[in-house]
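First, one chain by itself in structure tokens, the form predicted on its own.
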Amino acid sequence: MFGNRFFWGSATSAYQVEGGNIWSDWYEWEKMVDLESCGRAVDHYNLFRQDFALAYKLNQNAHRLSLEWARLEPSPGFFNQEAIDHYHQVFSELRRLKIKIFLTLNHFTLPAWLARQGGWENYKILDFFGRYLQLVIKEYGQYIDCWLTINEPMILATEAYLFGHWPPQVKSSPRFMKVLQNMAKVHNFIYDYIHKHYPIAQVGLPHNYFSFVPLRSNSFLDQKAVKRADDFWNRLVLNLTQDKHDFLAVNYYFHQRVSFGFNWRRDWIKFADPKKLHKEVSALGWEVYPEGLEQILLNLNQEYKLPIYVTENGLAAQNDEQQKRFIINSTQAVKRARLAGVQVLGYFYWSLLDNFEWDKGFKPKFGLVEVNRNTMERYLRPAAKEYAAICQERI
């Protein structure tokens, strides 16, 4: 579809940047918990033209974004014409700038009405998603260059239904598994439905891949713990979706040093604290390890032999220099993987803009573009210019 072109871009998700979404399950949840509210976010809903102009100025030839189902269908079966028209304008602007469109159909949030009916646990979720998908195909199918189905099912299922951090804050292994299976069924349905309408479409599932290494390289138990962690975090979703992938969509943030842990609730797995090991960490305390991306790409290429897009890779940086260094090292990891024969077709930095980082609010700064949330003014960070120079190479 894309020939030998490589796609350099950045990514956003609608709820995290648009603002003003009062129809979402996250908006409902924010009213009940003592956490920072998304509110106006960074007002991308109104400033999308300005933001896309910045992406174009930064030499990006592709952009990953999502639709907000709750805006389009704020009540069951009712589609909001204003929202429909708005996303036409969004896609038309990207087309005008000749920026390829990588569309995510669902990025964590649900319409509040669906969440009240059980959300991903509802046995009718296929019917509800099918109605939404039918609208998307009809209204926007002609714009989309690459389709991404459900963002990081494993992250959403664990955070919301296993660890209880995100709405609906459940801690239940059976319910977690039911949700994950339903998400896999919906992905498989989307894959078939899109190919029915667009036989040569490219469809994938953005999955968060962990880079795992044993804490003690010579420990048999730590090696076993790595295998268990990999089977759960990296393989489970792929096993449930099997051959419904035209490419692999890799999101990478986490490098974990794994040891055997005496806790059956955590599947006998323990992750080491990188700060105690004196490793470089982000502002969120995550270990900074771009080399893990290269290893993930090599491993996936060996096992699956599919094209790959890096659909998210970013850093909540402690300072400008750390962000610049991260981008250089991460893109070099991608280039080394390509030289080793991996068919990596694109790289999307997370994120174009500072955004609402879910339960962590606005404090983490992932953006290439800094946003003053009082004035909504945009400022290019030094890393944005560094990335722009890399994008200009077009490898």
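Numbering starts at 1 and runs along the sequence shown. Quantities reported herein were computed from a predicted structural model and do not represent experimental measurements.
One more form of this protein exists, namely the form predicted in complex with beta-D-fucopyranose; it is left out here, but the text below deals with it.
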Inset, instruction - Decide if the three candidate residues Y253, W358 and F366 all line beta-D-fucopyranose in the predicted complex, where lining means a heavy atom within 4.5 Å. - result: yes
Legend entry - Segment that reaches beta-D-fucopyranose in the predicted complex - one of 168 to 176, 292 to 300, 106 to 114, 77 to 85, heavy atoms within 4.5 Å: 106 to 114
Inset, instruction - Using heavy atoms only and a 4.5 Å cut-off, determine which of D145, E152, D230, E73 is in contact with beta-D-fucopyranose in the predicted complex. - result: E152
Inset, instruction - Let me know the one among N208, N182, Q322, T158 whose heavy atoms come within 4.5 Å of beta-D-fucopyranose in the predicted complex, would you? - result: N208
Legend entry - Non-hydrogen atom contact W26 with beta-D-fucopyranose in the predicted complex at 4.5 angstroms: no
Inset, instruction - Classify W350 as contacting or not contacting beta-D-fucopyranose in the predicted complex by the rule of any non-hydrogen atom within 4.5 angstroms, answering yes or no. - result: yes
Inset, instruction - Heavy atoms within 4.5 Å of beta-D-fucopyranose in the predicted complex is the criterion; list the residues of 301 to 322 that meet it. - result: E312
